[in-house]
Structure formats: C-alpha cells, structure tokens
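Heads up, the chain below is alone and in the form predicted on its own; it's given as structure tokens.
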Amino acid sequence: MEKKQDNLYVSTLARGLKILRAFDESHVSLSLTDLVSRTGLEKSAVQRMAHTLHLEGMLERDPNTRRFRPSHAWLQLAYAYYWSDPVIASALPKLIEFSHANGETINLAQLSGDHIIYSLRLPNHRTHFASSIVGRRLPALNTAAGRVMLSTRSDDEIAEACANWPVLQQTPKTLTDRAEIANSIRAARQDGFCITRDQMLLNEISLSAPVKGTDGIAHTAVQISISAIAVNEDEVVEKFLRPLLDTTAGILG
C-alpha cells in the first residue's frame, strides 16, 4: 500500500524521523538551514520539529552556534534494539570466541533494505575508527556480506537487486559492473561464502558467510576483514573459512 493511501500513516511523525535521518557520519552537526537542505522540508516545519525533538531529548542544540546534533537518547534506542533482537544475543559470544582465537576483525551484518548495517563489530588493533562503530550502513552490492546474503535469494530477487540497488565507487578498484556483481553473488551461492578485495578500503580483504534461517534465507552474515598487505585471497580462505563457517553455524538465524 502506498503511504498516501494508508489511513494509519502519520506524515508529521514521518517528517520528524526524516530530520533524525539527516544525521550521519558526514553530517554530525547540522544547522536549521542544513536540515532544510538535507530533508527538503519547509523551513517552518523543520524549525518546529527540530525544536520539539530538542525538547524531547532526541537532539542537542549548541547554545552558541544553535546547531543540532544527536543526543545520548539514540544510544538508549540502540540499547533497546540489542535486547529485542535474539540474533544479537546468539551471535555475540560466537564473535568473541572467533576474535580471541584468530585476532582478526569480525563483524555481524544485517540486511537493511538495499544496504547492510553492521550490528556488532569486534575490531583488532589495526582497525580504524569508522570501521569499529556499529550502525554503519553500506550498499549491499559493494560488500561481501551483502552479496553472500543475496546469494540465498531467488534468481529473480538477485536480478532485481543487481539491476536497481545502489553501487558506491568507494575505491579505484571497487567493482561497479552490475553483471560482474551478479556473477560474484552466483559464485557465493555455489561456494557458500563470498570474498572481496579493495571494495570499501584499499588493501582490505573481506570474507563473509551467511547465517541462514530455517527457510534457507539469510538476513544476517558474519564478515571478517583482513589486511591484504601480507596475504592473498586464497590464503585467507585456507586459514579462516572453516572457523568462519563454524561461527555462523552456531548463530541463530
């Protein structure tokens, strides 16, 4: 059903959520003018809703610059989410076990529309700040985790995703050819894992395996990130695929 035809749809609430979604890693602090530009809403509406969100504790406002930024209340929402999702409780001890045994960065990714979102991240000493924070969203087609989750879908779903989902040119070596991405997904279906290199960061190898539900569909994947300076893809598969598959097998899908 289209939103405009849904009698239960509250457009005012949707506009307020649009303001909250205007903030991301590149826009951590926004003025009223910035919010108008990023949301496309009228200035008067943005002013009222931003003020309300500030009074309700969802946004902080600098008294000098009058710029808004997310408040600690967002962490409370994340805390509630973690307790509500049984996959998180099932996955965390398995990821900790893998991290202790192998010393490499390991992440839990979940499909969020046409993106993946990192729900758990256990970094190692080489991991930079942006790659250690939960909640980061990336285009699914760009990532090993997104492709391996898509590999559990039907041919029609894969074709639709490869035709229409976004692709981000993150590095000079990022694969943007949609036919080649589809080939990568089909290979992941046959292999049971997906491996990529230089897609989001240069000299980074990502190896990912799906966490399948009882229907065989994966909404979650486990992904490890390894520096490609000293190893190649074959060596990563040889060393880490078995413990990675053991990890995903122990997670509730």
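In this text, rigid core is short for the largest set of C-alphas that superpose within 1.5 Å between two forms. So that there is no doubt, residue numbering starts at 1 and follows the sequence shown. This structure is a prediction, so every number in the text was calculated from the model and none was measured.
Although it is not shown, the form predicted in complex with the DNA is what the next lines describe.
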Looking at 219-227, 206-214, 24-32, 191-199, which one sits within 4.5 Å of the DNA in the model of the complex if you count heavy atoms only?
24-32
May I ask you to check whether E56 falls inside a 4.5 Å heavy atom distance of the DNA in the model of the complex?
no
Since only the chain is shown here, I'm wondering whether R48 would be in contact with the DNA in the model of the complex (any heavy atom pair within 4.5 Å).
yes
Partner proximity in the model of the complex: R61 to the DNA, non-hydrogen atom cutoff 4.5 Å:
yes
Looking at the partner-bound form in the model of the complex, is K239 within 4.5 Å of the DNA by any heavy atom?
no
Please say whether, between this form and the one not shown, the C-alpha of L30 moves by 2 Å or more once the core is aligned.
yes
D215 C-alpha moves between this form and the one not shown by 2 Å or more, core aligned
no
